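Okay, so here's just one chain, in structure tokens, the form predicted on its own.
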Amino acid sequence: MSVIEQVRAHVKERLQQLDGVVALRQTVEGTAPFLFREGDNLDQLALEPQYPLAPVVSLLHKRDPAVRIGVVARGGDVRALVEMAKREQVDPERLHIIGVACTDDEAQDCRCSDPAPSIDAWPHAVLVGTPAQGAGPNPLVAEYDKMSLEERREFWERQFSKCIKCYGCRNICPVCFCESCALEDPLWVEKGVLGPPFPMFHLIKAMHMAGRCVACRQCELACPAHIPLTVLYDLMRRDVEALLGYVPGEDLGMGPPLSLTLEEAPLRAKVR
């Protein structure tokens, strides 16, 4: 049985006990997120293209406090759901995860070092597919590490000068869920100016993603200017791990260090 057939079988089984399952649906009009319900045509359920489904789960959980749903989730989706659960954006007890392990080729395309969804800590979860080895370190980061301080500044100035402030990187990000966005505050980002001043726009977003970024690469894939944003966020994730011993999306039970005060951190090391 192929991976897609296994996923459809698991979805069919879950739909007998859940209100619905979030997955991609492919029709003649295209492919988009969809809430499958019992009786729907599961032949339309698709796994490609990869698209962040965690925000859809969050939206449904917030809209109906009693809804119990499932989600067909890649590794990046599960890592995003981990960070969202810690910040009360989703409820793990009302969520069934059908995890899909990415292939070697898919892991390489996304430069993902952890392509298999980590589901052990989730109350309701199953894994479909054979976990791939995962990609190695981002080669662009290795090149960046060799640059001098001045070369690094020139690199980012050159890359950020291409930005048209479309907000695509923010809108696609599964862990960007603030009700009020600093990137729309005229105090920090002037309205009506397409080229945001260097480097304010991207550094504000980067600081907000510290301790949150789950390395799904969606921001870079969505960028129409082809800015290598994963370099910035890989560097940030490396610093957070080195300084705080924290890897976003890795452990459902570990509290996010940058969301706690120093007094709270020892007392709330575990959120569950």
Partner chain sequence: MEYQNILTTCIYCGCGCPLYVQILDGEIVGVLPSKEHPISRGQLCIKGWNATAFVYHSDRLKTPLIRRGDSLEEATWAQALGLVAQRLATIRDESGPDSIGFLTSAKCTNEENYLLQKLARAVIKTNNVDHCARL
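Given the structure is predicted, the values throughout are model-derived calculations rather than measurements. Residue numbers count along the first chain shown, from 1.
Heads up, the form predicted in complex with its partner chain isn't pictured, but that's what we're talking about next.
Just one listed stretch, out of 153 to 161, 120 to 128, 137 to 145, 171 to 179, contacts its partner chain in the predicted complex at the 4.5 Å heavy atom level, and that stretch is 171 to 179. When you look in the predicted complex, the only residue of V231, I204, C223, L244 with a non-hydrogen atom within 4.5 Å of its partner chain is C223. Proximity of K165 to its partner chain in the predicted complex falls within the 4.5 Å heavy atom cutoff.
A residue is said to contact a partner when one of its heavy atoms sits within 4.5 Å of a partner heavy atom; V56 meets this definition for its partner chain in the predicted complex. Although the partner is absent here, T31 sits close enough that one of its heavy atoms falls within 4.5 Å of its partner chain in the predicted complex. Contact between L60 and its partner chain in the predicted complex is found at the 4.5 Å heavy atom cutoff.
Residues of 196 to 219 placing a heavy atom within 4.5 Å of its partner chain in the predicted complex: Q218 alone.
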